[in-house]
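The chain below stands alone and is given in structure tokens; this is the form predicted alone.
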């Protein structure tokens, strides 16, 4: 990134916050700030757990509690303990709150129409397409990739989804018991690594590195949730695994894949992997790939000139 890009993002943020009324204490003329109106929308007709609201909106507990207390004083929201978990609190809209939400939705539609109204049809299409692209890229920027314990709930859930997709897509199904292993102990340092990709507190992808010997590693368990595809998460997971491999002193990465996973094959080829002769007896593999990595990154010198 460069200084021009930074300035453009800041200018865009200022214009959007001004146009959306973020700075006003009476969003859409309803006598409350945007933060409270947004919280009503997120609670919705069905209600929501407070901890989910905190994660979804990235709010600290204290600020969220103040917003909820304000909405409670206005008679729009009530809080109650969840029936199946005494530790969980659920926020629900009162009848007045549901009516207010309907009004906010109607006014929001009118506001959106007022933005589009002065534009030509071509300009409207361009604006909406640009907004959709900004939303997609902002979601991509919010994705976090980090090492995880392969026994953690997020890891187990992503691997279960991965195996389920393989079973659905492979011509003759998939049975993990017949495949080459990548068990938790094989994906725990120093034997290997498991990386998870997350967005808004939910796990949306995984990738693993299994260290075969001092110089060779194998990429395993590459998966991205269908709803998150198109955000280039697979590329980021693969790059992060290569970084782990270099840090571990590996010089070559290998992987195998099934012929049904054409998008995976395209990813590996784009990322510099070349197809090679089979190097293992994986029963579900039709293509084997290999990539030679660069030298191990040098640690920055702490010597003073």
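Just so it is clear, the model here is predicted, and its values are computed rather than measured. Positions refer to the first chain, counted from 1. Take the two forms, find the largest set of C-alpha atoms that superpose within 1.5 Å, and that set is the rigid core.
This protein has a second form, the form predicted together with another copy of the chain, left out of what is shown; the following refers to that one.
The shortest heavy atom separation between residue 111 and another copy of the chain in the model of the complex is within 4.5 Å. Under a 4.5 angstroms non-hydrogen atom cutoff, another copy of the chain in the model of the complex has residue 41 among its neighbouring residues. At a distance threshold of 4.5 angstroms between non-hydrogen atoms, residue 32 is out of contact with another copy of the chain in the model of the complex. Contact check for residue 141: a heavy atom falls within 4.5 Å of another copy of the chain in the model of the complex. Think of it this way: in the model of the complex, another copy of the chain has a heavy atom of just one of 82, 199, 161, 180 within 4.5 Å, and the residue is 199. None of 157, 176, 225, 115 but one reaches within 4.5 angstroms of another copy of the chain in the model of the complex through a heavy atom, and that residue is 115. Taken together, the three residues 3, 17 and 128 all lie with some non-hydrogen atom within 4.5 angstroms of another copy of the chain in the model of the complex.
Here the chain stands by itself, but in the model of the complex one stretch of 203-211, 216-224, 115-123, 69-77, 115-123, has heavy atoms within 4.5 Å of another copy of the chain.
Residues from 216-255 that approach another copy of the chain in the model of the complex with a non-hydrogen atom closer than or equal to 4.5 Å are 231, 232, 236, in the order they occur in the chain.
Core-superposed comparison between this form and the one not shown: CA of residue 244 displaced by less than 2 Å. Relative to the superposed rigid core, residue 276 undergoes a CA displacement smaller than 2 Å between this form and the one not shown. Relative to the superposed rigid core, residue 263 undergoes a CA displacement smaller than 2 Å between this form and the one not shown.
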